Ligand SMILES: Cc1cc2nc3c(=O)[nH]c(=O)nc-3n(C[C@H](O)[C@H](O)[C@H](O)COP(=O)(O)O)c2cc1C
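This document opens with one chain alone, in structure tokens, the form predicted alone.
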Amino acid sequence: MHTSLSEKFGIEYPVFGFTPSEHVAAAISRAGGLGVLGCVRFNDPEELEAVLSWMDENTDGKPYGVDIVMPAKVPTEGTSVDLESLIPAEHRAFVDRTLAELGVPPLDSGAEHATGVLGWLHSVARSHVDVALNHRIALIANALGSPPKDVIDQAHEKGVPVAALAGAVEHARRHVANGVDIVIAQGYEAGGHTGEIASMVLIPEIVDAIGDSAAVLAAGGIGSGRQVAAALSLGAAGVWMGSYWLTTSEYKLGSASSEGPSAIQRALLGATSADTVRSRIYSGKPARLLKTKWTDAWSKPDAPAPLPMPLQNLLVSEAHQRIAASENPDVVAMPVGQIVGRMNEIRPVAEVMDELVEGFDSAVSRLDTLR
């Protein structure tokens, strides 16, 4: 399992693993892939600074990257108070009523809690870039398409390639025109923000459309060595995997106990590939989530329409904190792809990587017998 991107990044396998957990990201890099840390959860640049310093020290000198959430066009942002004032009262009432009906308790009044995930804001995402470029990152990926040109130029000045997600050919062409180095062709099956075209169709379309102008990573529905082999056979130079790392033993976030699977992991372990839903309720843009009582509530006739980004995130931020603190797998709010049907046990990252490599080798060997 060796491609041009393996060579470019000095990694053993062309497996790029996105995760919000620094422990998982570091483990992916140590296991021979390239761990990519999601930065959207960091409201405070100093917190990100501390985490990236930890990454520098815990990746055995191997490369890692960061993922930001930055729209190409600079939005008009008021203060956080201005944004909060744009959220309709009926939306707040619906969230409060739904949480009460689902039995989700309020947050501990004696503890300090964030008022919103500010990483969805353009200005905060820029601070993430500034912090990250002071560390030995090997990649900046943007979850919302091409970053602004000055951000791309800033990364290139530091010798850092830029990747951007694409859900359609026109997105990929736009990325290349903007100077993006790697296009992540993310199919409909993927978790989080995703488009409407399936990976089997999208990957070769994008590969054919951009040619040698940029490398292509395949994303969506990848959780086995066979699927990695399929992605590379479609012309991708590597794979981008996010969901599959959520059930690794290194994955711990928020209030999750250090002993045994978290509520999120318990929910994922019991899910099938049919147990996801694509909705705007998480961030304001279409994203694939685990289907739970929380997502069901938003699909009822009395539910309000989701707000645009970043207002929807600000609206549900405290709700997500309350849901996470409740440790109830029936109501978790978690982006995940259709590959969740294969995520049925807790395993270390290194074991997952070994299985990917073994499965890839077996798939390639089988194809060789068909010649």
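Throughout, we count residues from 1 along the sequence that is shown. These numbers were taken from a predicted model, which means no experiment stands behind them.
Below, we refer to the form predicted together with the named molecule, which is not included among the displayed structures.
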| item | value |
| --- | --- |
| Contact flag, residue 263 vs the named molecule in the predicted complex, heavy atom cut 4.5 Å | no |
| 4.5 angstroms heavy atom contact with the named molecule in the predicted complex for residue 191 | yes |
| Contact of residue 27 with the named molecule in the predicted complex (heavy atom, 4.5 Å) | no |
| 4.5 Å heavy atom contact, residue 220 to the named molecule in the predicted complex | yes |
| Triple contact flag 1, 227 and 350 to the named molecule in the predicted complex, non-hydrogen atom at 4.5 angstroms | no |
| Contacting member of 324, 31, 334, 55, with respect to the named molecule in the predicted complex [4.5 Å, heavy atom] | 334 |
| Listed residue that, although the named molecule is not shown, lies within 4.5 Å of it in the predicted complex (heavy atoms), from 165, 180, 281, 137 | 165 |
| Contact stretch among 204 to 212, 96 to 104, 238 to 246, 145 to 153 - heavy atom within 4.5 Å of the named molecule in the predicted complex | 238 to 246 |
| Partner contacts in the predicted complex for 36 to 68 (non-hydrogen atom within 4.5 angstroms of the named molecule) | 40, 67 |
